[in-house]
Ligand code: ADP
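Single chain ahead, by itself, as structure tokens, in the form predicted alone.
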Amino acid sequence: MKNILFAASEAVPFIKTGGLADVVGSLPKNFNKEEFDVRVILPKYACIKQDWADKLEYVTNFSMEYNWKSRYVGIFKYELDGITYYFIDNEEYFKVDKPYSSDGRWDIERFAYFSKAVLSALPVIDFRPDIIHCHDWQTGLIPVYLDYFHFFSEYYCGIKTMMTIHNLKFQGTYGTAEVRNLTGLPDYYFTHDKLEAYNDANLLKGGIVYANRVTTVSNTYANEIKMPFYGERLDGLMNARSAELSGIVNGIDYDEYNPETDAFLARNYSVENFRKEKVKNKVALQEELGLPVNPKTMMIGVVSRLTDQKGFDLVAHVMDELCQDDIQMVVLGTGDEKYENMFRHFAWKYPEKVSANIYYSEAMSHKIYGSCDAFLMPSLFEPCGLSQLMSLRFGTLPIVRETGGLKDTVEPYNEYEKTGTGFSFANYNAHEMMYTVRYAEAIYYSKKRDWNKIVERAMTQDFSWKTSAKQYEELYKNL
């Protein structure tokens, strides 16, 4: 039996701000329980929903030297779906309204404390992992502290670490002198080949340097981050560690995202009957959003953070032209004010074509996945992306840019070989995107039989967590 400990700053159902929480909450349940004992450790935030907070069971507490003081470390635990979750409690650091603050220095202090507390808690909770699987910069100091702890205790010798990068853009950087002072790590660790990067301490870099294995959330992204454009100034390091770097695509929960049972849909459907049943969801959504009701009109969905990363500057350039076509566009999400207002503007200008829903709702997101014909995701970069996996599951054909996980999961339609599960374009160019959308429109309107075959192939893809878990199991065994 191999012991694996996931260390992360968030996990569903306890606390979620993004896709990281889905990975940490879903992946552990899908390992082979006869071979792997997988547990998870998180901060005990005050903003964990009260229903969950009330269920946490107190285990113990101890004091730990950190930032030149003796600090309280409380440990709570809870078992859910056969997985044990541990929570590190310290109100000074985690009595917060949301997991991350706008103060970079404060977040560095809080998550450096968390990294040290995770290792300090291991002998106390009586669970010695063979591998600590660290997620993103918030746990980047765990491999570094583990190296340091070797000097003081044999207990930590032989524990391996894996560092998963969910988005290289977020690295956890602050002034070297300050980080050195609060972590208590010796000067030895703050050189340009270790934690230091461009005159700052960089927590993610530390994790990448000291981890035994580095992964990211798609094969293409693993290759992209070796290049300057995607490498966020760490491309040199990613090349240096390329022998230990690999990409594994995230999965989605196939029970939660299931058109046959989804309670949010007006009509459930399957790969066998989607031709007749799916369109009923479109009609229901058109009625709900006040769009002209026409089951034949091609409906394109967008469920996203409205930010530059997601490619909405491309959409802005050609939206007027797209709205001349026989389509409807349904948008759901929040983000940068300029994009929120852009979609509001087009919904005002083309009320029969565009529905701008500038908020987030789980129910509405499911309705969009289950009602639209196509799903637009023209990202500038996309480490993995989950929306395209959900849209494939619902037979809503993704129109994506060939980057990161989008390239790995959406096979572009080839009308000669009759293959593919969606539509894609290569260059970050607004008119190339528009051409691809119009190509999808042409297939939808004039080759309906081919369109339905693409939907069939999309719905039979397997991007469940079981597939991802098998690939992680192989890496754990190799470690």
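Everything numeric in this text was worked out from a predicted model, so none of it was measured. Residues carry their position along the shown sequence, with the first being 1.
What comes next is about the form predicted in complex with this ligand, which is not displayed.
Novice: Tell me whether 38, 117 and 160, taken together, all sit within 4.5 Å of this ligand in the model of the complex, counting heavy atoms only.
Specialist: None of them does, since no heavy atom lies within 4.5 Å of the partner.
Novice: Any chance residue 152 has a heavy atom within 4.5 Å of this ligand in the model of the complex?
Specialist: Answer no; every heavy atom of residue 152 is more than 4.5 Å from this ligand in the model of the complex.
Novice: Please determine whether residue 98 contacts this ligand in the model of the complex, using a 4.5 Å cut-off between heavy atoms.
Specialist: Judged by the heavy-atom cut-off of 4.5 Å, residue 98 is well away from this ligand in the model of the complex.
Novice: Applying a 4.5 Å heavy atom distance criterion, does residue 346 contact this ligand in the model of the complex?
Specialist: It does not: once this ligand is placed as it appears in the model of the complex, residue 346 has no heavy atom within 4.5 Å of it.
Novice: In the model of the complex, is there a heavy atom of this ligand that lies within 4.5 Å of any heavy atom of residue 458, even though the partner is absent here?
Specialist: Although this ligand is absent here, residue 458 would stay clear of it in the model of the complex, with no heavy atoms inside 4.5 Å.
Novice: Which residue, 305, 128, 192, 233, has a heavy atom that falls within 4.5 Å of this ligand in the model of the complex?
Specialist: Answer to the contact question: 305.
Novice: Of 387, 281, 139, 355, which one comes within 4.5 Å of this ligand in the model of the complex, counting heavy atoms only?
Specialist: Contact with this ligand in the model of the complex is made by 387 alone.
Novice: With the partner removed from view, which of 222-230, 72-80, 330-338, 203-211 is the stretch that lies within 4.5 Å of this ligand in the model of the complex, judged by heavy atom distances?
Specialist: So the stretch in question is 330-338.
Novice: Counting only non-hydrogen atoms and a 4.5 Å cut-off, give the residues of 360-392 close to this ligand in the model of the complex.
Specialist: 360, 361, 362, 365, 369, 377, 382, 385, 386, 387, 390, in sequence order.
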